[in-house]
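Just the one chain here, the form predicted alone, laid out as structure tokens.
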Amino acid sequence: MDIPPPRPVLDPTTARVEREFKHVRPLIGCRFDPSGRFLFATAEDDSVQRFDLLTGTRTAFVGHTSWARGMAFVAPNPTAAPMDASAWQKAQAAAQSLVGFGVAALPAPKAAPFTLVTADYHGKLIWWQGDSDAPKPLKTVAAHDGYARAVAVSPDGATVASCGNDQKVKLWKAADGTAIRTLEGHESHVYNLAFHPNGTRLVSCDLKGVVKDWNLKTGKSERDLDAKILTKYDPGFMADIGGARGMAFKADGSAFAVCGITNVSNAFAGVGNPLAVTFDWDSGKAKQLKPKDAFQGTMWGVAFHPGGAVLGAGGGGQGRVWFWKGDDPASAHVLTVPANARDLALSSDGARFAIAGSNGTAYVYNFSGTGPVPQMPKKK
């Protein structure tokens, strides 16, 4: 009988900034690629920026004509082990120490191939070769009428799902972008979606906090779950505010989480409190996760750490990352970050997390308790 590896122990107090990647415009979203080699961030100049965690190199993906936030990856082997950079970093450091003796610095290992799919405000999806040295759009699909808010890839890498302001969830062939099916039933803008790890179901959440559980074999919604605490109609501004700003499944599929804003007192200014809601998959029972201390703002990203904790990131007057453990609905630890966090990314092994900063900087943290990674020498 195979014995599963032990879960990594998470001590949130050891979180330290490992790298800072600066861009000229505010960032909107961030994601680690499947191997953990790169951090991708979308920006308000319509670009997608790729940051190499080994070398520090930045590469721009240019092709969108509006802001993009949704990002997802298609990898040849979705279950491939995450990058282990320690051996190369040690060899690189040793080579650097001998440069004065005529020894050249070691080249970085070649990245594993993967495809990146991004979604923008004009309703378009773009396919890219994510590891390319000179990335260009491979395919552009007019997916939604209005903002395409989120995109996800099925666990087997065969299907891309997208959602948007046209109240629809759409499925596409990951290989070539061919349309497969449209899932209809939402009555307001669809803000986010995620595949269940078993690949047979998908959940989506709309502006009004309605979460639909879709059976991908039948294309029908099997149940609605209630996340209406993440939405409000403001009669003063005659506007709705809400929706799932972030969504994530637990790796074993036993739970998923959505996050956003609650207790809204001013829809125009986005005044309210950050909140995450977790759902037990089997029962559909919901549990609210709140910051322990009073904070005004929005939670833009949520993730399940393999060590058992839930992470959330957001901002208002300042940026925060919250950690919840066990059954306590109040956060066990809070980390003040240098900018409003407009998204949260967690590496697959749980060793790192990143935030997309409103100040144009992507901050990468690790849980090793150590400071910045030494910068590699730049080519002359």
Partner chain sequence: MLPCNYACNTADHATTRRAFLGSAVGATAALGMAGFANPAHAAELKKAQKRVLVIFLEGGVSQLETWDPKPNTDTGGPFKAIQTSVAGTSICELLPLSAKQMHRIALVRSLNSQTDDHGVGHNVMLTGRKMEPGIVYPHLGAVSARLLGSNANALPGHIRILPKGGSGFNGADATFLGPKFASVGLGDGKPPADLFRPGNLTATEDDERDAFRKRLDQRFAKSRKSAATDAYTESFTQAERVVKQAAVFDVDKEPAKIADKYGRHDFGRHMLLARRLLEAGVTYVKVSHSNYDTHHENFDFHIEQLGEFDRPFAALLDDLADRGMLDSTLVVVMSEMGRTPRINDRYGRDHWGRAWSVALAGAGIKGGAVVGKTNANGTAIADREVWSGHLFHTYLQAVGLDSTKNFYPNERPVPIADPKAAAITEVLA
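Positions refer to the first chain, counted from 1. Quick caveat, the model's predicted, so the values are computed rather than measured.
Below, we turn to the form predicted together with the partner chain, even though it does not appear here.
For the candidate set P109, G253, G270, P113, a heavy atom within 4.5 Å of the partner chain in the predicted bound form is found for exactly one residue, namely G270. Note on the partner interface in the predicted bound form: the residue among N165, T278, S154, S221 having a heavy atom within 4.5 angstroms of the partner chain is N165.
Interface membership of A175, defined by any non-hydrogen atom within 4.5 Å of the partner chain in the predicted bound form, is ruled out. Heavy atoms of A239 reach within 4.5 Å of the partner chain in the predicted bound form, making it an interface residue. Contact check for K212: every heavy atom lies farther than 4.5 Å from the partner chain in the predicted bound form. Contact annotation for H122: at least one heavy atom lies within 4.5 Å of the partner chain in the predicted bound form. The candidate spot formed by D46, H189 and R245 lies fully in contact with the partner chain in the predicted bound form, as each residue has a heavy atom within 4.5 Å of it. In summary, the region of this chain contacting the partner chain in the predicted bound form, judged by heavy atoms within 4.5 Å and restricted to 66-74, 48-56, 33-41, 345-353, corresponds to 66-74.
Looking at 27-43, the residues that come within 4.5 Å of the partner chain in the predicted bound form, counting any heavy atom, are L27, I28.
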